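Read the single chain below, which is given as structure tokens and is the form predicted alone.
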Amino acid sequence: MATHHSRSAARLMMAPAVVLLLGWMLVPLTMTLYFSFKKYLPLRGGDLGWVGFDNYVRFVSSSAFWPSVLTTLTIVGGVLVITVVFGVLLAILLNQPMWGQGFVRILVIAPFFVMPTVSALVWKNMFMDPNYGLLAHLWEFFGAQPVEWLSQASLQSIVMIVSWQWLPFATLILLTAIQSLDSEQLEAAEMDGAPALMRFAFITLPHLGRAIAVVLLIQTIFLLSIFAEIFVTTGGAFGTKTLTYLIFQRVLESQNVGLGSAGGVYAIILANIVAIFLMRIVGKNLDK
């Protein structure tokens, strides 16, 4: 058992990292709160004094606020559904014995290490370009009219691009969970005559409950701040303006730091609401 002296020594050694982490988190948050109550226009007069909650009222009453929140949640929900469903299928497939299994797993996981801006550019120019993209040639091969993805199906295109990036992460977590499944349970169910679909529904899927909950939580935290893919592809047009992109417009394009800071506070509130909701789901799965 750890003694009082050893626990004190552990706390002392961890203190610098904890202080650094708290400073890394609290300083930007404090500055955001500070500027959210001020009218600060760097290129148009600088600090123009305190305005109270005026920035919050202006931001939430903007006609673009609620559509941006809805767009954010739509993208997050769409990506989560795709990555979890296809992640489970890919994890089951990769768990089967095959030739070159290690190489195949590396290929499946590789997209996760590609920078978001790079992957968005690849999808925009190599796949979704209506004239020279791979999908356009595929459509023409079957005699169909090429689709202008980023204007006609802009939101679906963003979901597709982001799902491609996050699918390897979900697959890796779910594959690890499947590998921890007791094979004797599956063998016993198979010997009892249970079909493959029943074995998946009553043995494999319940076993993946915790892993799915973790995937949902981690991906949601990162997906709520999606920005690079939208900036590179649509620039917020065609109904793809998320809350993060709206904040970017208010700060950089409008040069209104106070209004953008108020939007940042709203983004933090939204992220915490979603995180609390997901934590309750995760907690239920972890308690089972």
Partner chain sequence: MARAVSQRRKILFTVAAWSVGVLIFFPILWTILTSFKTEAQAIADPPIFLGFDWTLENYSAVLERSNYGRFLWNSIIIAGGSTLLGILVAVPAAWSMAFVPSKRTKDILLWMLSTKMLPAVGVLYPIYLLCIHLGVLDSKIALVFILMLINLPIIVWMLYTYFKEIPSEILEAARMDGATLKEELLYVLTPMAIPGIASTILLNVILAWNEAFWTLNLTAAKAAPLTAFIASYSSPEGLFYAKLSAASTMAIAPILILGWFSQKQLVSGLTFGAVK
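Source: prediction; values computed, not measured. We call the rigid core the largest set of C-alpha positions that still match within 1.5 Å between the two forms. Numbering follows the first chain given and starts at 1.
Beyond what is shown, the protein has a form predicted in complex with the partner chain; the following relates to that form.
> in the predicted bound form, do 25, 98 and 217 all put a heavy atom within 4.5 Å of the partner chain?
Replying inline: Every residue of the candidate spot has a heavy atom within 4.5 Å of the partner chain in the predicted bound form.
field: Contact label in the predicted bound form: residue 111 to the partner chain, heavy atom within 4.5 Å
entry: Yes, contact at 4.5 Å.
- Message: Can you tell me if residue 190 lies within 4.5 angstroms of the partner chain in the predicted bound form, counting non-hydrogen atoms only?
- Response: Within the cut-off, so yes.
Margin query: With a cut-off of 4.5 Å between heavy atoms, is residue 147 one of the residues that contacts the partner chain in the predicted bound form?
Written below: Result no; residue 147 lies far from the partner chain in the predicted bound form.
With the partner left out of view, is residue 185 within 4.5 angstroms of the partner chain in the predicted bound form by any non-hydrogen atom? No, no contact at 4.5 Å.
Review point. Quick one: which residues from 239 to 268 get a non-hydrogen atom within 4.5 Å of the partner chain in the predicted bound form?
Key: Heavy-atom contacts within 4.5 Å come from 244, 247, 248, 251, 252, 257, 264, 267, 268.
Core fit, then residue 194 C-alpha moves 2 Å or more between this form and the one not shown | Yes: residue 194 shifts by at least 2 Å between this form and the one not shown.
TODO: Answer yes if the CA of residue 12 moves 2 Å or more between this form and the one not shown after aligning the rigid core, and no otherwise.
DONE: Result for residue 12: yes, a 2 Å-plus shift.
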